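In structure tokens, one chain follows: the form predicted on its own.
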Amino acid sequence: MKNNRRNFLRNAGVFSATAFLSSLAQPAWSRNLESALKNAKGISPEDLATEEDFWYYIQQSFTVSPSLINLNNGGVSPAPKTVQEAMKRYYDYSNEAPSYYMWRILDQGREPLRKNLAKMAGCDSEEIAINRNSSEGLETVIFGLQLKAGDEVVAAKQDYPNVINAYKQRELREGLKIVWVNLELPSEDENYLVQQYVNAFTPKTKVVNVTHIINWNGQILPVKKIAQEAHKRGIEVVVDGAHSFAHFDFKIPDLDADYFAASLHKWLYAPIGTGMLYVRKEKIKGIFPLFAMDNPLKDDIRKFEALGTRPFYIEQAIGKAIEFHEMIGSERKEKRLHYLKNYWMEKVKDIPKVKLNTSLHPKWGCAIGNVGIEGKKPGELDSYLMDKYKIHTVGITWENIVGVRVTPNVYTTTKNLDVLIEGITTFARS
């Protein structure tokens, strides 16, 4: 690896980012990035994860604040410059004659975009709907499922609040019964995690909700194993992929999910307010859309896109985010994100009073980490890091998960994380 680092800027490969950068006037940052991508050709994703020179040039693709270290990318990630510029360009274009350019020009880009998202997800394009966020996608399914009073839904107390509230609303209005799973996290025990769901299944269970990555602490759940057990019992599987899609390398069909929703403004770096819903093809007909259609039970994924007038300029910029993701490479990105999480966690884990609430193992965690300090509230550490070090994190107190969530991204440097390490160390010892 040392030899790779010494020779990084001299090594030349054959990979070209020209197609991705062709829409730019080739400013200095993009020329440097193109060169860095060529030089990275012969380096494995594992070795490249620690190559700070390479990731420095990735950082230049973003408009990173010089006065703030943003380590709350788990909430929403910034988009790279190419995505920002595309969105602004499409916005200006729309305003020249909105009803014409939005409905007759930009709207024509949805089908190619659908195909590109499906290719990335590893599924049929007729299984992908484009919407605004994972909450909208999940609630489309939750409220669209044909359930009746007495039917049971299994969900975890560590699921996302919007999802929990959607099921609770159906419980209140229609008499469904929610059976709660309470997970002790972090966990690297696959059997334990699967059995918590299996033990909650009864003959009345119709649906199980599984969060692929728990947003509070970054725990990855064994979705496929849970889904297989559910399907043995005729139970439908709804997967919250808000934090998993484009975060680490997998294909949606591999999860054996019936329904999957993601927020594209998290790990795909698409514009804020973009999302995606996957519905297994044979399930489309049986789900009512959240927004009414002339035939709500038709077998067409597009029925879930009846949102009325929408910002087409935001939606169409998703295409540039896909290009950016593919330019880096899914495996490279996953290895870097996991490396960054472990970089700071390894350096604070042995400090007295520090408690890690996230696994260091790549099977059970990737970018998102959570740290607690014995005797201190999460908000105290969160405020300290901001006040003393200008580090933006988020304090978490949800069910049995208590700590500060730290979420770096591909533009985060190890120098940024060294500041975090100093902040946590100083706070824990004070």
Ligand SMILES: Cc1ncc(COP(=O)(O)O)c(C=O)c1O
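Heads up: residue numbers just count along the shown sequence, starting at 1. Not measured: the values here are computed from a predicted model.
We do not show the form predicted in complex with the ligand, though everything after this point is about it.
S.K.: Taking heavy atoms and a 4.5 Å cut-off, does Lys320 contact the ligand in the model of the complex?
M.R.: Taking the distances in the model of the complex, the answer for Lys320 is no, it never comes within 4.5 Å of the ligand.
S.K.: Indicate whether the ligand has at least one heavy atom within 4.5 Å of a heavy atom of Tyr160 in the model of the complex.
M.R.: Answer yes; at least one heavy atom of Tyr160 falls within 4.5 Å of the ligand in the model of the complex.
S.K.: Contact between Asn133 and the ligand in the model of the complex at 4.5 Å, heavy atoms?
M.R.: The answer is yes: Asn133 has a heavy atom within 4.5 Å of the ligand.
S.K.: I'd like to check something about His265: if you look in the model of the complex, is any of its heavy atoms closer than or equal to 4.5 Å to a heavy atom of the ligand?
M.R.: Output for His265 is yes: heavy atoms within 4.5 Å of the ligand.
S.K.: Thinking of the ligand in the model of the complex, which stretch from 241-249, 188-196, 88-96, 120-128 has heavy atoms inside 4.5 Å of it?
M.R.: Of the options, only 241-249 has residues within 4.5 Å of the partner.
S.K.: Val279, Met276, Ala79, Ile213: which sits within 4.5 Å of the ligand in the model of the complex by any heavy atom?
M.R.: Here the answer is residue option Ile213.
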